[in-house]
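In structure tokens, the next block holds one chain alone, the form predicted on its own.
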């Protein structure tokens, strides 16, 4: 029997409670057999501050104990920019019998036409866009045009083929990695922003203390 596998990538610099809460929320809404969390090795749209090794270890700490989560290290170990299209091709080749759904936030999806080989990417995979209730994507954007042409009503309609888009309302969590780094750089607390194990790791390694 085929499995429903989600793919959730990001810089995770550092991973924070927003990341874990939205994934837990998503698992309550949709019966994923597995969600692969994939830290970018060389993010194509931004420079990472934490090292690959540190970001990877923090992701393991943040998602430990969640049964449906697996940490996928392929982009961390790949040379060159972490383009989603390359990862999509590999995963689709490895899991040919399963249903693959790419998970991303509405902010990331709104810039989909800036992604490397984006037109092939959106034809290769089904995409689940996590949106804050009431949030809107610019009506003049390419992303909105794609939604108009490709949106489906429920996860069951992603079972066959690719190129479809499902929008799911997720409980909003107003936390960003930028805010976490800023707080650490200013000597402010982050206890309500990141998990204790991640906080302990950051403190032990004195990470982000010079980055505001």
Ligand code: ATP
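All values reported here derive from a predicted model rather than from experimental measurement. Numbering follows the first chain given and starts at 1.
The discussion below concerns the form predicted in complex with adenosine-5'-triphosphate, not included here.
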item	value
Stretch from 61-69, 161-169, 175-183, 140-148 whose residues place a heavy atom within 4.5 Å of adenosine-5'-triphosphate in the predicted complex	175-183
Exercise: residue 108 in contact with adenosine-5'-triphosphate in the predicted complex, heavy atom 4.5 Å	yes
Contact label in the predicted complex: residue 131 to adenosine-5'-triphosphate, heavy atom within 4.5 Å	yes
Residue contact check: residue 208 to adenosine-5'-triphosphate in the predicted complex, 4.5 Å heavy atom	no
Contact label in the predicted complex: residue 104 to adenosine-5'-triphosphate, heavy atom within 4.5 Å	yes
Partner contacts for 5-30, taking adenosine-5'-triphosphate in the predicted complex and a 4.5 Å heavy atom cut-off	8, 9, 10, 11, 12, 16, 18, 19, 22
